[in-house]
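Below you'll find only one chain, the form predicted alone, shown as structure tokens.
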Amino acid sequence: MKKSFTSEDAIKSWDNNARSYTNNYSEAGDLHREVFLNPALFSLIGEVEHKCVLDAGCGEGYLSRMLAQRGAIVTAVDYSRSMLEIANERTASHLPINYVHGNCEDLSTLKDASFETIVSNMVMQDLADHERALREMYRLLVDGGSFIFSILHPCFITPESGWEKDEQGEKLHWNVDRYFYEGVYEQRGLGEAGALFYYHRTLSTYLNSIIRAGFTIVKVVEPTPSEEILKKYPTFEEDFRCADFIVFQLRKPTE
């Protein structure tokens, strides 16, 4: 565990690993995004044609491109200049995407009530001050606007979680430990992408932060693979044993 780790440190980590981490991305992102996150996100995002949408923490831009291809007018923000460089390389010039360098904890260059929808895919866990980021998303939304964000499931992906295996290496149980630890930990198993660090927070911390920011919770999804996806990727059958991700749909109340 790291005792001190700022959002700037996290960005340096992403900058250093941007190319290797996104090297195997398709236009649907990586496999976990294709299998779990994209279906859940788009089921909550709904119709985006002609809507102003913010991709808050866009990374290499795959989700921004998917939104633009569905007719959204997209502003895509990321604090990693390396990720934005890759995003610009991969984005066709005709797509209506404006890539902006910025930290989701402070997007003061963007005007109040600028977006009808904001989506933040696997970003809140990278931020030291998630409460400040939630307040920024609230400020940037129009009244009645939606904020959809996904994170690693804090109940099951913890600093000491992992598979317990038998002597032959067969997976027996997914073990969870250190759930109540709130702070930074290293995410393992990323292969050539190297070490990345995340902030673990309890589920109640996230829920109470959402409430304090002023949002209404509309829906919560713990994604599982669809039957169609399982035909394509049968090895994901094991992901019915516990949830890897959780996705929140929030709304800014109308006044």
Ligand SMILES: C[S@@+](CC[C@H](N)C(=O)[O-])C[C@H]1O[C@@H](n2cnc3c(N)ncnc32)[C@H](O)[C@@H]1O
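Residues carry their position along the shown sequence, with the first being 1. Just so we're clear, the structure is a prediction, and the values are computed from it rather than from any experiment.
The same protein also exists as the form predicted together with this ligand; that form is not shown, yet it is the one meant from here on.
- Remark: Y79 counts among the residues lining this ligand in the predicted complex, judged by a heavy atom distance of 4.5 Å or less.
- Among heavy atoms of P154, none comes within 4.5 Å of this ligand in the predicted complex.
- Within 4.5 Å of any heavy atom of this ligand in the predicted complex lies no heavy atom of C242.
- Put simply, R33 is close to this ligand in the predicted complex: some heavy atom of it is within 4.5 Å.
- Residues placing heavy atoms within 4.5 Å of this ligand in the predicted complex fall in a single listed stretch, namely 118-126, out of 157-165, 138-146, 118-126, 173-181.
- Taken together, the three residues I11, C58 and N103 all lie with some non-hydrogen atom within 4.5 angstroms of this ligand in the predicted complex.
- Of all the residues from 144-170, none has a non-hydrogen atom no more than 4.5 Å from this ligand in the predicted complex.
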